[in-house]
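Below you'll find only one chain, the form predicted alone, shown as structure tokens.
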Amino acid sequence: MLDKKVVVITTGGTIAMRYDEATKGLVPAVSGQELMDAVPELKTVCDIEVVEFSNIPSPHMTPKLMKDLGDKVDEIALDKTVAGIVITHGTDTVEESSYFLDLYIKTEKPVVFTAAMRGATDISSDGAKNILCAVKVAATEVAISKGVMVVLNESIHSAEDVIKTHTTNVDTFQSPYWGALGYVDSDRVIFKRDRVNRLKIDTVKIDESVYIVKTFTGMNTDIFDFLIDKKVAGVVIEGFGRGNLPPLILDGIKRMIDANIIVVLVSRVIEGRVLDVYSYVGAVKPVKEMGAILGGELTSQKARLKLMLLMGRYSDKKEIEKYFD
């Protein structure tokens, strides 16, 4: 027996898929234990325990499942024999699930998401190496209190920063502007930077009635009319550049705010903050004065999850605004 134990929670994704002759494509087919058996080197790192949470493609993941997954992580982390936790996941939504848990879970033990861009039966499948690297990170004391991490292609990323940047390349996961936290070498785990201003949202529920609207040139208010009629709780609007918007939608945004719908403004640009430096019609300054919350550097998908968690805890818009930017 080794002196450390890492629990691997499997949720599905490409990492757990094989080619199916009947459907002529990849489908969920690999059990959690099979995933571990494909990485014999794990025996030299630590003891492994497998917990099968689900076996679904990652587009099937939901905020409710993310919350259940976070609750399972905190439950497992209470075991004093557990050094860290690895979660295998699909690449399409791993940046969302990892960020949700980063905000939600209570444990400071290492929690590491990993995945694969190639199925278990593909040539040069990357799953086994990614699992090995993730376990190494989860087993090291240096990774304690680093927040939730995403490890693929030997790189260690913060769940807050990481995004999927390519549909097929194994080096798809990047942390634009800020860069990776570190990397996994053959002999040890190396961290080159730390995280600051980490946030936790202490809530027992989430409000799933939060939508994303991506803006485009010449856009009108039709989608906002629908959301107002639907009585949604919140809307994340993905604007241009610094967060600026097409002028024809301003009336729709004002009517949403007047209807007590929380509006968070982010940018479709992958680096930099939303900020009220322009004051022309449709710019961020007048929209902020209207009552919109500025979402900082977050992508729209991450801002949506953050808002869901916050609205599960707070009803006061001022309290919610404190957690953005």
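Keep in mind that this is a model prediction, so the values were computed, not measured. For every residue, the number given is its place in the sequence shown, counted from 1.
Heads up, the form predicted in complex with a small molecule isn't pictured, but that's what we're talking about next.
This chain appears without its partner; in the model of the complex, the one residue of Thr91, Asn153, Ser175, Ser125 with a heavy atom within 4.5 Å of the small molecule is Thr91. Ala116 is the sole member of Val235, Ala116, Ala138, Leu103 with a non-hydrogen atom within 4.5 Å of the small molecule in the model of the complex. Segments offered: 38-46, 66-74, 52-60, 266-274. Contacting the small molecule in the model of the complex at heavy atom distances within 4.5 Å is 52-60.
At a distance threshold of 4.5 angstroms between non-hydrogen atoms, Met17 is in contact with the small molecule in the model of the complex.
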